[in-house]
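Below you'll find only one chain, the form predicted on its own, shown as structure tokens.
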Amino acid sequence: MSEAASARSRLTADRAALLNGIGPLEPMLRTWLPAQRWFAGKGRAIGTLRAVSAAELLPPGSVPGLLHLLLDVDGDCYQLLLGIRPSLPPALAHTLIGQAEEGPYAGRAVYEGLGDPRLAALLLERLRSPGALGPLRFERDPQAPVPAGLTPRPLSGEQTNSSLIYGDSYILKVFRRVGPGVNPDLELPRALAAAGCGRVPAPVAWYEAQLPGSEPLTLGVLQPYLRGSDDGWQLALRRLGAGEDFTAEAHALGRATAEVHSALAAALPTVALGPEQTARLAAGMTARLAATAREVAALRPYEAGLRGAFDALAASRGAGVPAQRIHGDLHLGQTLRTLDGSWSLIDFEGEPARPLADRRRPEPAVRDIAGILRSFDYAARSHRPFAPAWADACRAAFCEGYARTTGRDPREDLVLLRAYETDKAVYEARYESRHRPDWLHVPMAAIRRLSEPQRPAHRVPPTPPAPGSVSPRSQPRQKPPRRPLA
């Protein structure tokens, strides 16, 4: 056997050994993982750590090397792309994970591969050329060719995933915490593109893992990068800071959101939640309230008043609450105003902390509306002095814009709207208490308001759909506000 063949044989055996406990990489990964922003297990020691998949994306012995790992960390599956070099150049020093002392990478530096432009460029080349590599499958829309040689750069500020921008033309989202089944951030934009909805960038390439006895796991999605677009959250803050009106933008965003909901309802199955399902929905909200009250002391004086919103939902026993596929984590930070002044929605992954199966279930569209409305409130309360009139005007404009497309104002569904707004505010209180105590006052202001007895609702006049618009097949009901919690 030649020396090269012998080396390849040893590497193959050592990679197989990785699947039995990570081997020599385990100590460094146990230290490195809890420090990553996207790692969900912060604050507790790692127990189980084992590889469920290992694949070299370059021939053995390549410098640099690129090792793709799927790790089981205490029951959660994480995706890692590890670079391997004899030594790291100074420009990559910040990506170092550790120095391997034994095994196939003995004496070599192991580092975060997405931080290496050469390896990031390789990932794009894999996406440009569909095919299989071990358990990995690379796919591309044949109608959307991707040019070669685009310069990669990481997108900063992310918390739950990692993204790379290529040549200011495309953005690749690499999912860190993954599970069996199609990720909604691939599934829903593809469905919207097929339906002709231009409000969401259409995926041009993606990759997944096929593991024995499991549905494919979506690992990454490449989409057009909307260069020069304004992040909705930052745009709102700038307008607030300048003392400028934002209602025209809020109205347009309401119409864009309604268009996406209408397209999703037409393209994918819808259901009607009957009395039993509605009661279970209310029971889940009540349970989350009780759990949060145990954790967040400031919430406890308002628990009984807040529970009234969920009791009202359970008692409504309506003829059926329409449910459909939705964004699932919509707030101003998930919206972009493009250079032509139109709005796009992005990041259809849903709340990453929820199981993937839950994120793929139909839900009332009011949940998305509640996210945007709470986001206006967050923006207003981040401003000094607090600008309640600004938030109220934006909330009204958004609902009116939504109604211009669907013919139904979200504020007409008061019981459902109030329940979802309350549930969102409770979620926010728990999040802020855990991660940003200085922000706890924002959801607490909403909680105090929502805990008060409900006054009779002011009747919102029906708004006819805009000319040429299409009402959704089973348009769900809707509810109030929130801001980017990410």
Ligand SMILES: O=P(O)(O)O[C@H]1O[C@H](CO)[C@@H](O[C@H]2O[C@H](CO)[C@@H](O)[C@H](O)[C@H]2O)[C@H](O)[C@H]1O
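Position 1 is the first residue in the sequence shown; the rest follow in order. All values derive from a computational prediction rather than experimental measurement.
One more form of this protein, predicted together with the ligand, exists but is not displayed; see below.
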Exercise. Go ahead and superimpose the pocket C-alphas, place the ligand as found in the predicted bound form, and count ligand atoms within 2.4 angstroms of backbone or C-beta atoms: 3 or more is blocked, zero is open.
Key: blocked
Quiz item: Honest question, do Trp233, Tyr378 and Glu428 all end up within 4.5 Å of the ligand in the predicted bound form by heavy atom distance?
Solution: yes
Quiz item: Would His261 count as a contact of the ligand in the predicted bound form, using a 4.5 angstroms cut-off between non-hydrogen atoms?
Solution: no
Exercise. Determine whether any heavy atom of Trp439 comes within 4.5 Å of a heavy atom of the ligand in the predicted bound form, and answer yes or no.
Key: yes
Exercise. May I ask you to check whether Gln324 falls inside a 4.5 Å heavy atom distance of the ligand in the predicted bound form?
Key: no
Self-check item: Contact flag, Arg50 vs the ligand in the predicted bound form, heavy atom cut 4.5 Å
Solution: no
Quiz prompt | Proximity to the ligand in the predicted bound form, single hit among Arg37, Arg434, Arg449, Arg30 (heavy atom within 4.5 Å) | solution = Arg37
Quiz prompt | The single option of Asp413, Glu249, Asp368, Asp347 touching the ligand in the predicted bound form, heavy atom within 4.5 Å | solution = Asp347
Quiz item: For the chain seen here without its partner, which of 331 to 339, 108 to 116, 277 to 285, 293 to 301 has a heavy atom within 4.5 Å of the ligand in the predicted bound form?
Solution: 331 to 339
